[in-house]
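Presented below, as structure tokens, is a lone chain in the form predicted on its own.
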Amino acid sequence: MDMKVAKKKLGLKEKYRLMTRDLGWEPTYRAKDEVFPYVNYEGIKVHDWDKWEDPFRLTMDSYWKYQAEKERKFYAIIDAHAQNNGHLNITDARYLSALKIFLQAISPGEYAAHKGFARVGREFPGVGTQVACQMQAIDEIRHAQTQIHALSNYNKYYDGFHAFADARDRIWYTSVARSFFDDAMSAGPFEFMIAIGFSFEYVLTNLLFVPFMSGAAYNGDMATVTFGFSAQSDEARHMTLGLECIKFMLEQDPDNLPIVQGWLDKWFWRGFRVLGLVSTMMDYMLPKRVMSWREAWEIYGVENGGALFKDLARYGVRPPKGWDDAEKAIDHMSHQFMLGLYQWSFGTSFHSWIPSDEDMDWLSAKYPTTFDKYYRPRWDHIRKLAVAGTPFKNFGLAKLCQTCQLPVVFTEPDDATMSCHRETEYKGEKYHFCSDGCQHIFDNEPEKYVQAWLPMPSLFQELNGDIGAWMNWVGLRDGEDNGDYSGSRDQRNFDQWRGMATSNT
């Protein structure tokens, strides 16, 4: 009689090899360059794709197990949030402005990243990279879905949540994040990995998901906290994938170094400009604040970023070209951007407001060298105008940066009293920029950025400059809400429902 032989249990490395590299094959009736045409597009030289290592060694069967468990916990919490009137547990309805920006700008970016990883997973010939990109593509679409589901409960009670997809395509301030992801998705596969794995995951995600999600908890929003921390374990893996890709390219051939360094310079600045939205959300839109934008930058930018570039220095990588200018802008960017949002608030689907005395005292303590000197006097002047019945509104169209598409509202790195404006002429046309970093990016790839879709020029081209027609097109109801939080329907509804909930307890 035959004896039963116990099957040998595979080790982690063996299982990973069987579930990744052993699933690949060499093409026979087509040349490899025909099957993977884009891998040579950017000039990156790869001599051995098997050198790509996934530190997590995650296989698809384990992936589904972990994600399914997170899904069960996530939906249990947001169901409880909805059933217990969680929309009334937030500090006040000003906080919703941050969620509206997140839903209109960041969640569509997650979906764009999903599409991008699905594409580059097909374009890389290495099986390890294909599997890693496949998992991240699924992660990104899950993040978009969970964010939409978590915030959908607010859509039942407050304005500005229902048409986030239209807002992403049409409203001027969402083109900042949209242009970032369009730029990444139209790049080659290796540049895409740095754009998302380094800039979006390492630069943006650290400064958005950790301090902002803590702020959500501090303001009573457990739905947002839940999707934030549900995604955080994925984000750790995504950052590792991005850094692994950078090291892989640098180790494969010394000729890759100048290409990678150029991408790091570009995508650091692209990511930093998108962080202008995040800085304003943290400093101005959280009624109860956990930390300032400056404090978050010190932890997740200076300390983490400094450690990263020290690690990469052994490959010859230096800190990004715009690092010093970014450091000089940290104490100014949230104030400058909020002043811009306030003056154009009639054209947004969220609210802005004049900081209270308590808010300004907090900002003064967090920004002792800049706020009282440069920004408190401006807010005091705007408050006087509002009290006099002549609120400061700028009905002129903002000049947008051709690269990052932010309004040109920032100041010179070394002079906070002088507006920063750069200009380039290309093929007889003039293009405007908010900074040296954005101008350098354009000058390096002008054929790409002259094709950028900018909301303000499009308003003139398609609607003959009719602001009323534009507001109808983007779904803003002129006359019902002028963008100010004071007296808005969100404020009235929140106060009314909170009062009803309190009287019933």
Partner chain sequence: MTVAAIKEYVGVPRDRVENFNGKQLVYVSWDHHLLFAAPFLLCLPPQTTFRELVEGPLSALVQPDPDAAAIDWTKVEWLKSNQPWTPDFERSLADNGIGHKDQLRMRTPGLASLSAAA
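Treat the numbers as computed from the prediction; the structure is a model and nothing was measured. Positions refer to the first chain, counted from 1.
Keep in mind that the form predicted together with its partner chain is not shown, yet the notes after this line are about it.
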Looking at its partner chain in the predicted complex, do all three of 364, 496 and 498 come within 4.5 Å of it through at least one heavy atom?
no
Contact with its partner chain in the predicted complex for residue 466, defined as at least one heavy atom pair within 4.5 Å: yes or no?
no
Using a 4.5 Å heavy atom cut-off, state whether residue 352 contacts its partner chain in the predicted complex.
no
Would residue 448 sit within 4.5 Å of its partner chain in the predicted complex, counting heavy atoms only?
yes
With the partner left out here, check for me: in the predicted complex, does some heavy atom of residue 109 sit within 4.5 Å of its partner chain?
no
Using a 4.5 Å heavy atom cut-off, which residue among 124, 431, 172, 198 comes into contact with its partner chain in the predicted complex?
431
Option touching its partner chain, based on a heavy atom within 4.5 Å in the predicted complex, out of 248, 344, 102, 95
344
Mind telling me which stretch in 418 to 426, 86 to 94, 125 to 133, 354 to 362 gets its heavy atoms within 4.5 Å of its partner chain in the predicted complex?
418 to 426
Which of the residues spanning 377 to 403 lie within 4.5 Å of its partner chain in the predicted complex, based on heavy atoms?
377, 378, 381, 382, 385, 392, 394, 395, 396, 397, 398, 399, 402
